[in-house]
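Just one chain follows, in the form predicted on its own, and it is written as structure tokens.
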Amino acid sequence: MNWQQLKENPSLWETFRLRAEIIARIREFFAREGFLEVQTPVLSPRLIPESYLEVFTTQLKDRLGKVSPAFLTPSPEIWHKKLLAAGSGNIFEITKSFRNTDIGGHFHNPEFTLLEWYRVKADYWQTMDDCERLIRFINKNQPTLTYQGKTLDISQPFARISVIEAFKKYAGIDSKILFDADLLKKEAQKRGYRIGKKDNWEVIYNLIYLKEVEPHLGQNQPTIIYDFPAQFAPLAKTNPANPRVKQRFELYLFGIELADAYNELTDYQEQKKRFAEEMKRRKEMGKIKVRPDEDFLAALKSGLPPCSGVALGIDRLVMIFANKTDIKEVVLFAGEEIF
């Protein structure tokens, strides 16, 4: 949304007044919950290496001209866990975050506004409850929420389904096939998916998830899908009942993914091991080389309290409440000419 559009059509300002109201209600919700609001850097010399996303890189120069790499943070997690280790207690932040390659489509913008919060001495079942109560609070405790002609009842507990259950229910793929690379590849080829020689299990999983599972999520009722395959949650605890999955969930409303959450990994040695694995995976995928944050590992080693954290996309949330179909309609100056 650019300034010319706003000047030509003043009614468009209503979307941004609503956006400001939503952000104010988010702050009120967490204030009532006793959370501390924090502000952390968006420019960092080091990052948490995560293979599933790409980053923006730049350079820092001192007065003598010495150059060192720096990155725009894809989330404030790198800082939040250091604060948690220092004894912050429950915290939240509303901040800008950055992910490269997120250009194009109706739900992505390379620069976006993120709400991230951490509840200590809590697990992901409790932060699922946080998500439900937050949505109801923003909706002023009205029982229904309407988007693009469809209405959801948000007054009742949200549906909760595991990834394994969702693949079985919506794609007809059981766990035996789902976690076997060869069997999943054969199943995908049988369904007509074009699978290249270099396409690994993760690629095939994503093809089926995005095509056959995700379109069903949050359509008839708000839905939380949980316990993702281990490859997709390098910062989450392993589910002790099934080591093939990590304790991670996502929240969907009207088929739109709004939030991503973990039972946060607190084991320093395990996190160090996963850092190395993610760095190797980033290299194999040809992604930008990042400098892993050893200070992050030091914070974990000092003692990270048991906690669960959630990242929620405010821009997508505003899309739903403003009944908009494109993220560019709810973000000022999004869609400015880039290429």
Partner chain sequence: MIKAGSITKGMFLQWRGEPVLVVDKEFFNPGKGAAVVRLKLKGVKTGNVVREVLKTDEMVEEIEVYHRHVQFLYKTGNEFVFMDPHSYEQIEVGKNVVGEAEKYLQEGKEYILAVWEGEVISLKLPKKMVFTVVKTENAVRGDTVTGATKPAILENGMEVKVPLFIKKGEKIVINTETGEYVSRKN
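Computed from a predicted structure; not experimentally measured. Positions refer to the first chain, counted from 1.
This protein has a second form, the form predicted together with its partner chain, left out of what is shown; the following refers to that one.
> Under a 4.5 Å heavy atom criterion, is Glu187 part of the interface with its partner chain in the model of the complex?
No, Glu187 stays farther than 4.5 Å from its partner chain in the model of the complex.
> If you check in the model of the complex, is Gly149 within 4.5 Å of its partner chain, heavy atoms only?
Flag for Gly149 set to no.
> Counting only non-hydrogen atoms and a 4.5 angstroms cut-off, does Asp130 reach its partner chain in the model of the complex?
Heavy-atom contact with its partner chain at 4.5 Å: absent for Asp130.
> Is Gly105 part of the interface with its partner chain in the model of the complex - any heavy atom within 4.5 Å?
The answer is yes: Gly105 has a heavy atom within 4.5 Å of its partner chain.
> Pick from Gly196, Pro240, Gly87, Pro157: which residue has any heavy atom within 4.5 angstroms of its partner chain in the model of the complex?
Comparing distances to its partner chain in the model of the complex, the residue within 4.5 Å is Gly196.
> Could you check which residue among Val203, Leu183, Val120, Ile94 gets a heavy atom within 4.5 Å of its partner chain in the model of the complex?
Result of the distance check: Val203.
> Quick one: in the model of the complex, does every one of Val38, Thr113 and Glu116 get a heavy atom within 4.5 Å of its partner chain?
Checked in the model of the complex: no contact with its partner chain for any of the three.
> Would you mind picking out the stretch of 296-304, 277-285, 63-71, 26-34 that comes within 4.5 angstroms of its partner chain in the model of the complex, counting non-hydrogen atoms?
Every other range fails; the passing one is 277-285.
> For the heavy atom contacts within 4.5 Å of its partner chain in the model of the complex, list the residues of 5-42 involved, in sequence order.
Residues within 4.5 Å: Glu8, Asn9, Pro10, Ser11, Glu14, Arg17.
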